[in-house]
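Single chain ahead, written as structure tokens, the form predicted alone.
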Amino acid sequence: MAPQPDTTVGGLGEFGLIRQITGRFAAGPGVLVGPGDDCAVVAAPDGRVAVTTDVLVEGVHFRLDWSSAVEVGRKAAAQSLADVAAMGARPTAIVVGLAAPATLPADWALGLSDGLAAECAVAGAYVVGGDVVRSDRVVVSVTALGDLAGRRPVLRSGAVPGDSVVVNGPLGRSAAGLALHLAGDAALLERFAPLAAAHRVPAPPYAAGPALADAGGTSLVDVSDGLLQDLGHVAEASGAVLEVDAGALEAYVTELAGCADALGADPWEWVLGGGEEHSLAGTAPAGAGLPPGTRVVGRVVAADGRAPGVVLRGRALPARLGWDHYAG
């Protein structure tokens, strides 16, 4: 009997794996040199490039028994592409680092590649290169590039008193999905399948970043670690107090109420402190013409001797405002 081919990444070898992966990526109009050389070359018509990096680690950001390879790829790309949008830029390209055990099935690595390409297609970007190395677990690092197209970058430090606090995208859905997966109840996972999926594959509002910048947005942040914690970064950088109205968040809470009841959880904790949502939050001048899907949830006031931060009106602040990798 003929020996069966080794279908692991170790069996393919580093360069065989790279050839199979890069063959799955299409070239985009702004990609001058794609995968295959020491560097990719991407057009930067604005003369500036927005750049960001995120790292996903197996057992911390994803679990192989929860997520398919395609889902991990989409999540990995979304994390970085959302940061580009939060600067008011249009995502253009990503490069990817993959660390994996030699025993990882090659089909999993190829599925990851398909997921990366699929999420890039949603954002209007392309995979242009990367690297693979051996590791004792799967680690995916994504560096994303973006084009400001003549816009000023929308920083965390731009909020001024009188601005509205705004959100574009869902809140609490990813945290609810995480709670469902941790509970491990198959019936609940099926009943609330869209929430479970929201944790495995976020849906950042990529177009809203440039649209908010065009609308005069004064600050933006990707909601990756929880709404209040990430708005707290804006408040600190801007030297201001952001007053968030709990009543303006009721719609998000109502959407999650059924799942929370089933799990015996508080949906407010998901909405206020749930991470990995990758929606956009920030500030814009009061009365500005905001893009569709943008909700006004509060206002910016002067610190007036107080420490910059977030004040929640109509509800007590939760004990934990969001995620911190080193918070025990």
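Please read all numbers here as calculations on a predicted model, not as lab measurements. Residue positions are given as counts along the sequence shown, with the first one as 1.
There is another form of the same protein, the form predicted in complex with a further copy of the same chain; it is not shown, and what comes next is about it.
Enquirer: Exactly one residue in P101, G216, P161, G247 has a non-hydrogen atom within 4.5 Å of a further copy of the same chain in the predicted bound form; which is it?
Expert: Of the listed residues, the single hit is P101.
Enquirer: Counting any non-hydrogen atom inside 4.5 Å, which residue from L145, A76, A235, V165 sits next to a further copy of the same chain in the predicted bound form?
Expert: Residue within 4.5 Å of the partner: L145.
Enquirer: Taking the shortest heavy atom distance, is L182 within 4.5 Å of a further copy of the same chain in the predicted bound form?
Expert: L182: no, not in contact with a further copy of the same chain in the predicted bound form.
Enquirer: Heavy atoms within 4.5 Å of a further copy of the same chain in the predicted bound form: does R48 have any?
Expert: It does: once a further copy of the same chain is placed as it appears in the predicted bound form, R48 has a heavy atom within 4.5 Å of it.
Enquirer: Does at least one non-hydrogen atom of G289 fall within 4.5 angstroms of a further copy of the same chain in the predicted bound form?
Expert: Heavy-atom contact with a further copy of the same chain at 4.5 Å: absent for G289.
Enquirer: Hey, in the predicted bound form, does G13 get a heavy atom within 4.5 angstroms of a further copy of the same chain?
Expert: Yes - in the predicted bound form, heavy atoms of G13 and a further copy of the same chain come within 4.5 Å of each other.
Enquirer: Have a look at 77-85, 192-200, 249-257, 167-175 and name the one stretch with heavy atoms inside 4.5 Å of a further copy of the same chain in the predicted bound form.
Expert: Heavy-atom contact with the partner occurs in 77-85.
Enquirer: Can you list, in sequence order, the residues from 212-251 that come within 4.5 Å of a further copy of the same chain in the predicted bound form, counting heavy atoms only?
Expert: Contacts from 212-251: L220, V221, D222, D225, Q229, H233.
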